[in-house]
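Consider the single chain below, provided in structure tokens and representing the form predicted on its own.
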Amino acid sequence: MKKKYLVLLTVILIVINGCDIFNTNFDDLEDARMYEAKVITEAPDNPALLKIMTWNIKFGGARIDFFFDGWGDEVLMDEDVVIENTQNIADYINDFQPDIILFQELDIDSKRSAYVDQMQYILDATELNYGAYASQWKADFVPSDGLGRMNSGNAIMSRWEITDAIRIALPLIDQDGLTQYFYLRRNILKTKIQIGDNELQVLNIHAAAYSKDGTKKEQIDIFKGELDDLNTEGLLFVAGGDFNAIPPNSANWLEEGFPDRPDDLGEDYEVEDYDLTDMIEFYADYHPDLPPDDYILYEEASDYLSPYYTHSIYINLPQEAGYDPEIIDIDWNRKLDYLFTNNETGWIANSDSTHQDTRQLSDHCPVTVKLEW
């Protein structure tokens, strides 16, 4: 009953006062939050190549089944769990040694992740030196299921100095006023990184997951427009993130039993149909981390166990505790995460990797690729 009164009071205050009492809103364009590692590790002045990574790290939640993912009923983590999960992510980064990382779903001040600043933690636990952060779910208090304070968003980390970083607001999903007030505010994180005498533009996006009104496509198109502007100016870019969209030549059988989501999943977590046109212009105009011909070879031939899928839902596998042989085993099941560049020669041939050995660290796996520099 108290919860209902709190929600009602919130509605009244928002409607009558028209004010941002829980600090959830952003300007259309504003500076990103800048970070620096406590100890700076020397980076090469003129590297021959750059290792680029994108990774949705699920706010250090590993494979815990949270209620807002639509799978379980977990809400909050203990600090030791968050630290362990975030350290495991940092350890994996140290093993691969990327030069630049695009993160999605990284928490800096959230009750659900015990208020651990994962941005600062990862910088201090790796050889990455500089970071920029753009919040996309921020509220002093979320009056729902004990969530409380929330600050989660997109981040870019680099071995070299980030000289400029801005947050570009993206359109919101069409929702009722109360839901929209506390809901995610998607954005583009746009940065400039100084590498020796040269400058690289790096852009990061996490597009809407549960849009049913075309908002996801609108967000993706705006991102494409930012890249087109940079390309017209003759500026070299690397861009990517979690698009929540599949490649143009993918299998798309959402309504015909594609092994993507359980039958009893609530309607709040249903995705907009995976339109095969969402990513066409990116593939047509720029260089993707994975050539489309390589991708399509595996889907049907491997019974939807492609080595290029980056998103996973089920974790019911024979080698794991709690395995249920009555449940169909589904591991990685969609490619949603990408990297693109306008470099004339593209990425270094055969340098792409989809790191599916990280399935216990997040519901997305990192994608990496190398750029000749």
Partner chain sequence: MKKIIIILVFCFVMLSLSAETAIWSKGTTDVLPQGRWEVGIFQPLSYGLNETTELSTFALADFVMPNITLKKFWKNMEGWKFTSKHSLLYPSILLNIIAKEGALGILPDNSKIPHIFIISNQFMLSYCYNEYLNIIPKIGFSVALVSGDSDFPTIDMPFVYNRTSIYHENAMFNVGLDLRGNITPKLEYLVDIDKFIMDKEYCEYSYEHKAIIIWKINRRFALSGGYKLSYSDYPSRLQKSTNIIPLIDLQVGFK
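Note that the structure is a prediction, hence the values are computed from the model and not measured. Residue numbers count along the first chain shown, from 1.
Heads up, the form predicted together with the partner chain isn't pictured, but that's what we're talking about next.
- At the 4.5 Å threshold, heavy atoms of Lys212 stay clear of the partner chain in the model of the complex, well away from it.
- In the model of the complex, at least one heavy atom of Arg33 sits within 4.5 Å of a heavy atom of the partner chain.
- Shown alone here, Phe243 lies farther than 4.5 Å from the partner chain in the model of the complex, counting heavy atoms only.
- Heavy atoms of Leu230 never reach within 4.5 Å of the partner chain in the model of the complex, leaving it off the interface.
- When the partner chain is considered in the model of the complex, only one residue from Tyr183, Tyr283, Phe141, Trp160 comes within 4.5 Å through any heavy atom, namely Phe141.
- Comment: the partner chain is not present in this chain, but in the model of the complex one of Leu235, Ala125, Leu76, Leu276 has a heavy atom within 4.5 Å of it, namely Leu76.
- Looking at 184-192, 222-230, 133-141, 285-293, the stretch with residues near the partner chain in the model of the complex, meaning non-hydrogen atoms within 4.5 angstroms, turns out to be 133-141.
- Residues are counted as partner-facing when one of their heavy atoms sits within 4.5 Å of the partner chain in the model of the complex; in 346-373 not one qualifies.
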